[in-house]
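Only one chain is given next, in structure tokens, and it is the form predicted on its own.
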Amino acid sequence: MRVIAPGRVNLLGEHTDYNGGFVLPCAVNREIRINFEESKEFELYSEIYKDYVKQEDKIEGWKSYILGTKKEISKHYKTREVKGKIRSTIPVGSGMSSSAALEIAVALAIIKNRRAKPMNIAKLCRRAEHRYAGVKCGIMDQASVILSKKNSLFFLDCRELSYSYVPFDGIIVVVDSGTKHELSASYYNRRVSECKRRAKILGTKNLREAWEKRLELGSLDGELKKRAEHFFSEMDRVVEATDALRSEDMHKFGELMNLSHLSLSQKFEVSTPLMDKLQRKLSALCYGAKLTGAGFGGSIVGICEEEDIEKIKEAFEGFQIYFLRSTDGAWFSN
């Protein structure tokens, strides 16, 4: 038996998910695959880390994503012990959410009830990442890994957990900066806390509520104000982007990606000088580009046409480049 879970890239709606906002990611044709069989004891071998993870192992490092997921899923569903091998074509730390893909793949491998609701599985995997990996992520990564559809972007309302699909058949280009981000050791959790404090000052449950009420940000200043400004403008960009895609206006969509990166760099301050340089370079060769994922390293994502591929390869010689397509979410295979 096997399960396959794709990676994902986020095209717009960065750092909005844990604020109850909108996101516009998609699953991509890079994947984690677990070939397994039922067993008396839990044991998976990772080809990436060249090591085994077993039930009795300490929950730390990369093993926390596997064992933490196993713990959370087992609290709510009947599960089985499995023995098998983990293979991956998702580059670790590049912003394609290898961690969420691993969590979803493990969940699908051990769960017995194949009629379990995908969003429920995504929520439990997110909880595992919070509790055991120490990353206070939103629901975007896990939900997009399991619920995305081919030739579409996945529009998700992270507060209501409602979603829809926006037609999209473009070529996605990802340029890996070579700077790996370690979310739990970075400023990611700090940004989550900052946003919560800003919402509290504004008298709302979260920044989503403040955006809906169109509250003035005059009560904030300095970094407090900049973080909220990013969220407000990014929410507007996701809404505009869905309209642009439905109108097949790729130039407008690319422009919104460029504006998103500028805000992430100047307002949310999760970019780096290298990421800014790569974004400027890539955006000049395609419709638009921005950092994808948490930031603090990782990758730049852009949207291009077939005729752009060779010039992008030439411009980014020495960097790892991926040309991707949107794909379906995770699935089982007997």
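Since the model is a prediction, treat every value here as computed from it, not as a measurement. From 1 onward, residues are counted along the sequence shown.
There is also a form predicted in complex with a small molecule; it is not shown, and the following applies to it.
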Would you kindly say which of Ile146, Val106, Cys125, Met140 lies with a heavy atom within 4.5 Å of the small molecule in the predicted complex?
-> Met140
Exactly one of Gly288, Gly297, Gly68, Gly293 comes within 4.5 Å of the small molecule in the predicted complex through a heavy atom, and that residue is Gly293
Listed range touching the small molecule, judged in the predicted complex by heavy atoms within 4.5 Å, from 132-140, 206-214, 114-122, 246-254 | 132-140
Would Tyr188 sit within 4.5 Å of the small molecule in the predicted complex, counting heavy atoms only?
-> yes
State yes or no: in the predicted complex, is some non-hydrogen atom of Tyr322 no more than 4.5 angstroms from a non-hydrogen atom of the small molecule?
-> no
Answer for Tyr18 alone: is it within 4.5 Å of the small molecule in the predicted complex, judged on heavy atom distances?
-> yes
